[in-house]
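First comes one chain, alone, set out as structure tokens in the form predicted alone.
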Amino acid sequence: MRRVGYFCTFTPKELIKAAGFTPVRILTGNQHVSLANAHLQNYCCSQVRGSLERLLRGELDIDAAVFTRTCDSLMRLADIWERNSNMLVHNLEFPTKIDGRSREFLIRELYDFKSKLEEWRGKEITSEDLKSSIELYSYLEGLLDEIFRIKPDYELILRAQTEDAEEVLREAEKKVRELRDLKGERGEQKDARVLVTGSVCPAVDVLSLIEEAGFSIVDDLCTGTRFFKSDVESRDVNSMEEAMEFLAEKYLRKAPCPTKSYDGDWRFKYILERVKEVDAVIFLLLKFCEPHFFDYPQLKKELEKMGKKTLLLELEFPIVSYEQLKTRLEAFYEMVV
């Protein structure tokens, strides 16, 4: 089965799967960037530079790439990607401003994306194909939601984003059973609870350091809960029209991202509501990630008004010193407890 790469959690992976492709999220590696420096400024974030580096080194086993409108750097990467590979490339114009007009616009974009996938595959996507794909991902995302409410598993969720969903599903079912038993045995958690919010973090070791410092993680990462979390509950769809309407609603109501503008400051309200259940907040941000850094000063101010201690960890891949991160996290834990 051919594989289609994507970068953003707002990419409707259900359509990719329904077309007969395997959706594969493209993430930076933990290696030094050299080849990509000829195409991108060094103040682009390491997700953009690192992903292009992997392409230029021939590390990506994919046949096409989908660029969903997010930040400026990723959108311009689409042009560079197309010029420097033989891959099929599609730009999905996801709304930046999420309001009452977004739904109809996105539905039209989804139909355009469907047509492009059918052209790539040489086969029509039927309503049954899409229904099955929606049911598959709804079930998998429900399992991931339960796992992350008990204890986040970052290796599993990275596999869910980079491997075939049907294969990961069996592992997720097993993990849920294990965590249910563990939850019953261990009783109440006594760790300090910390909301970890930020951009992509494919380095599982960084999240392990947070837990090793003594924290219990409540997740709001782009490569964590924002991959699967949505306000829209799964439902039966019995036609292509119903399926497209469901996908538009689901993706417009995904856990809010700083790259979008929401009516009523939903992103801020979402974070401020979630911190009520935690003792502290860690901002895990990629260096030069402008959307997240634009949010940071105001969020930090509001969180400190609520009496929450905050820590900013600014990452760039490759990570040079895990020991430095470990020391800062241990010191922050002592401050919180």
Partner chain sequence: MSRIKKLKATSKMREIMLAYYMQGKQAEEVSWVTSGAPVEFLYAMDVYPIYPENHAALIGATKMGPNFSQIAENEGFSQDLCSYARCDIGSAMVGSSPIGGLPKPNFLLCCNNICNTVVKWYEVLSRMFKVPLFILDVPFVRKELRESYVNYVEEQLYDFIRFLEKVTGEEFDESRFREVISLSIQGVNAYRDVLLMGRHKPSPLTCFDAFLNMAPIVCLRGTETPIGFYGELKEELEERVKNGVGAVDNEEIRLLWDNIPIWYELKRLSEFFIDHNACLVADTYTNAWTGILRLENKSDPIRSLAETYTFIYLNLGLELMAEAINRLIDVYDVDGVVIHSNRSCKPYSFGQYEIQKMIDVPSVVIEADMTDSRVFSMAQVETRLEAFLERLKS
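Residue numbers count along the first chain shown, from 1. Keep in mind that this is a model prediction, so the values were computed, not measured.
What comes next is about the form predicted in complex with the partner chain, which is not displayed.
- Comment: 99-107 is the region of 99-107, 126-134, 227-235, 203-211 lying near the partner chain in the model of the complex, near meaning a non-hydrogen atom within 4.5 Å.
- Residue contact check for S73: one or more of its heavy atoms lie within 4.5 Å of the partner chain in the model of the complex.
- Within 4.5 Å of some heavy atom of the partner chain in the model of the complex lies at least one heavy atom of V89.
- In the model of the complex, the partner chain lies within 4.5 Å of some heavy atom of P258.
- Although the partner is absent here, Q31 sits far enough away that none of its heavy atoms falls within 4.5 Å of the partner chain in the model of the complex.
- Contact annotation for the candidate site: D61, Q161 and V176 all lie away from the partner chain in the model of the complex (no heavy atom within 4.5 Å).
- For the candidate set L140, L221, L156, A78, a heavy atom within 4.5 Å of the partner chain in the model of the complex is found for exactly one residue, namely A78.
- Of the residues V281, I26, L284, C44, just one reaches the partner chain in the model of the complex with a heavy atom at 4.5 Å or closer; this is C44.
- Contacts between stretch 287-302 and the partner chain, counted in the model of the complex as any heavy atom lying within 4.5 Å, involve K287, F288, E290, P291, F293, F294, D295, Y296, P297, Q298, K301, listed in sequence order.
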